[in-house]
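A single chain comes next, written as structure tokens; it is the form predicted on its own.
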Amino acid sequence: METIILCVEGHVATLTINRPKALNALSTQVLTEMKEALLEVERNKDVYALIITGAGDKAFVAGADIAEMKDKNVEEAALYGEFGNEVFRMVETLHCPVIAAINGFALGGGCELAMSCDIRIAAENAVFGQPEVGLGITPGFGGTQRLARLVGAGIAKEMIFGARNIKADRAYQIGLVNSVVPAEELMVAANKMANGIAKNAPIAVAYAKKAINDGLQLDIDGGIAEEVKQFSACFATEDQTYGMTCFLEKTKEKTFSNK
């Protein structure tokens, strides 16, 4: 892969979008290689958490590749939007939690990619926005849907209709990001969180992720039924027996088998 760097250390994988001169803009090549990397992570059940970030210190992802998009017709634009959404849904439904480490501009497709992750940690210099209407288009990679779900329809409409960027502190205020840290501490914070997640039972974490994501699309009764389904499924795992035995025996150091 030319535009994506994927590395695994222990049970944590890091996917870096590596086009710093283009501010890590999402070209078709980037999306294609990101899909390949995500498939690799999905196959590797020893990965318990994934961090996504951008190369360099200026941008997480500054948007889609405008030069590539400019001359598309309606049918080509639809295919492009569908492909971007396919890749971002892969992020959203990956077997393990995904943490966005946002190191600068997260605009357009970059903001949409961050929102498809489970948890967002922003550097103090991060900037968020959906500037598409200023280019004559709408968000196309899930921005109109995920932003409203995360921050509420009113704030989402204000940001999208006004094509207005916001800084990291405002993103934290409205619930778009989980935390804001100094830029030099970003990857330390992301890795600390990822490794903290990786210490827990990975199957249970995966089931909890599915219960939350699927339940959000249902009414409360349907959501509770989904939770019970995932909760009970845990009792078919070795990790459930091991984890509860450790609790009863007051064993502090645990190593789950992912079985």
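One-based numbering along the sequence shown. Just so it is clear, the structure is predicted and the values come from calculations on it, not from any experiment.
The same protein has a further form, the form predicted together with 4-(N,N-dimethylamino)cinnamoyl-COA, not shown here; the description that follows concerns it.
For the candidate set Ala49, Ala190, Ala64, Ile52, a heavy atom within 4.5 Å of 4-(N,N-dimethylamino)cinnamoyl-COA in the model of the complex is found for exactly one residue, namely Ala64.
Contact annotation for Met159: none of its heavy atoms lies within 4.5 Å of 4-(N,N-dimethylamino)cinnamoyl-COA in the model of the complex. At a distance threshold of 4.5 angstroms between non-hydrogen atoms, Leu107 is in contact with 4-(N,N-dimethylamino)cinnamoyl-COA in the model of the complex.
At a distance threshold of 4.5 angstroms between non-hydrogen atoms, Lys58 is in contact with 4-(N,N-dimethylamino)cinnamoyl-COA in the model of the complex. Using a 4.5 Å cutoff between non-hydrogen atoms, Tyr80 counts as a contact of 4-(N,N-dimethylamino)cinnamoyl-COA in the model of the complex.
Here the marked residues Leu23, Met69 and Pro139 all reach 4-(N,N-dimethylamino)cinnamoyl-COA in the model of the complex, each with a heavy atom within 4.5 angstroms. You can rule out all but one of 23 to 31, 216 to 224, 41 to 49, 198 to 206: in the model of the complex, only 23 to 31 has residues with a heavy atom within 4.5 Å of 4-(N,N-dimethylamino)cinnamoyl-COA.
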